[in-house]
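Let's start with one chain on its own, the form predicted alone, as structure tokens.
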């Protein structure tokens, strides 16, 4: 039987709650996906802190079905870039439907992914399709995509809060990441995150987000 412990989170006056909520919104509304990184080193401690934060995410039956693989080795990053660009060449060269390429056009993306080497870190998140129990037997995991997706969102938030930038990169297919990083059979590549500081010359598309009325319904 599970052990339960008291949980008494701090409560705030309504005015303070609203202020804190608005401050967080303003901070995250400034977040942008970045494709132009500085090569300036990022301390490993910052990456560790972001991964710890991501790992506080809720998960099905508390199985925590994720593995964060953080790469700073230049040779590995070069290998990942080469394999990713090979898949992206196929994607932009005929694999992607015309409608998808049309939607991507305003973002200015193509098969070239120099950020995979420029950024000081690449963090690849793997989803664990199943786990192993104390006896080494296969153990079922639940709601794996949902759980890992939430953890990835919290990872992005933690990076932004620390002053770092990232991008959700999902070359398709991503099996090459399992091979290069020598991951076990129960893990599937989920998202690849280049992580670092934005380049001094960094620019991002001038985008607007949907309004509250467009994304929420109150009944």
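Numbering follows the first chain given and starts at 1. All figures in this text were calculated on a predicted structure; none of them were measured in a lab.
One more form of this protein, predicted together with 3-iodo-tyrosine, exists but is not displayed; see below.
- This chain is displayed alone, yet in the predicted complex one of 183, 169, 63, 160 has a heavy atom within 4.5 Å of 3-iodo-tyrosine; that residue is 169.
- Only one of 76, 129, 107, 139 lies close to 3-iodo-tyrosine in the predicted complex, with a heavy atom inside 4.5 Å, and it is 107.
- When contacts are defined as a non-hydrogen atom within 4.5 Å, none of 68, 81 and 121 contacts 3-iodo-tyrosine in the predicted complex.
- Heavy atoms within 4.5 Å of 3-iodo-tyrosine in the predicted complex map, among the stretches 139 to 147, 107 to 115, 68 to 76, 121 to 129, onto 107 to 115 alone.
- Heavy atoms of residue 85 never reach within 4.5 Å of 3-iodo-tyrosine in the predicted complex, leaving it off the interface.
- Counting a residue when any of its non-hydrogen atoms is within 4.5 Å of 3-iodo-tyrosine in the predicted complex, the hits in 79 to 95 run 88, 91, 92.
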